[in-house]
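Here you get one chain, nothing else, as structure tokens; it is the form predicted alone.
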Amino acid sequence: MRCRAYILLLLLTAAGSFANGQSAEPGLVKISFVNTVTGKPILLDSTVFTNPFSETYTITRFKYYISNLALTFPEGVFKELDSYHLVDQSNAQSLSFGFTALAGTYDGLVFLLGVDSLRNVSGAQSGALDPLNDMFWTWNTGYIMAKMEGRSPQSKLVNRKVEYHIGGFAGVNSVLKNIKLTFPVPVNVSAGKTTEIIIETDFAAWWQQPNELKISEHPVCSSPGELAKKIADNYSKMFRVRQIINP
């Protein structure tokens, strides 16, 4: 069934693609993430950052899920199959991944920030969704969609810890976020060649707009709920396309 679904997806995508000047010959699309704080690279356990409330902090862990990724063009989308990726600042290999796409011109990228509700209740899984990645709570509460751990003098926790484990996939406090990025220049996927899309992630988005998050008031968030939802509303704006490298 999965093979048939894959063939059907290709046929449906190709039908729209030909109308957009695309061919059935595939190319490789590489997605790379550069994690920063207001433009400064995140160096775990070392760099001291300052948030908008003059609170200082260091980051010791930073992870988030990217799933259901698709390239967009005027007539439709081209979806990556089995699209689940864990971006982990401590693992350089996780900061880039690639997939095969139909050759042609694309104008944007869409993805889910987090893990879709179905996979949250699908039992033990492997790869990026393996519970051993330390991004899973229970079958009832599901995956941690984004995680930041660090330290701050303003934290009232033991050892001045800061801990944000953001999850919740159902109801009014779902933290799942659909992200849409428009390319500054068209992405041209060419048969047999590699196109790279470099995305900058700015952790500073976690602190403000629309909700103020002060370490002194909220040094920890480790369960689904209203606070997790507010933090997710903030960090949904942390992505921008930094560069397109066409072949």
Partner chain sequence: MKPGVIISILAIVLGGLLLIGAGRKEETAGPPDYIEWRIPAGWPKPANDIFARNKLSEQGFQLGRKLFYDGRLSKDGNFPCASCHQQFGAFSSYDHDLSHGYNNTFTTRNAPPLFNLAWMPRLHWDGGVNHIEVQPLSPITAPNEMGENLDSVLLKLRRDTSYLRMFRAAFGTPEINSQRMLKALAQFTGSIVSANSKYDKVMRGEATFTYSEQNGYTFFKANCASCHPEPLFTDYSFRNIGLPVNEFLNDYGRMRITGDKKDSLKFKVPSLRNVALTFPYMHDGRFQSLNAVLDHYNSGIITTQPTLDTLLHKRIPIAGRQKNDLIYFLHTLSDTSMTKNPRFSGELKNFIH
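Numbering follows the first chain given and starts at 1. Since we're looking at a predicted model, the values are computed, not measured.
This next part talks about the form predicted together with the partner chain, which is not shown.
Within 4.5 angstroms, counting heavy atoms, which one of the listed stretches 101 to 109, 86 to 94, 72 to 80, 127 to 135 is next to the partner chain in the model of the complex? Looking at the other structure, the answer is 127 to 135.
Report yes if any heavy atom of residue 174 sits within 4.5 Å of a heavy atom of the partner chain in the model of the complex; otherwise report no. Contact check for residue 174: no, nothing within 4.5 Å of the partner chain in the model of the complex.
Look up in the model of the complex whether residue 121 has a non-hydrogen atom within 4.5 angstroms of the partner chain, and give yes or no. Answer yes; at least one heavy atom of residue 121 falls within 4.5 Å of the partner chain in the model of the complex.
Is residue 140 one of the residues lying within 4.5 Å of the partner chain in the model of the complex, judged by heavy atom distances? Yes.
Versus the form shown, are the CA atoms of residue 211 and residue 141 closer or farther apart in the model of the complex, given a shift of 3 angstroms or more? Compared with the shown chain, residue 211-residue 141 is farther in the model of the complex.
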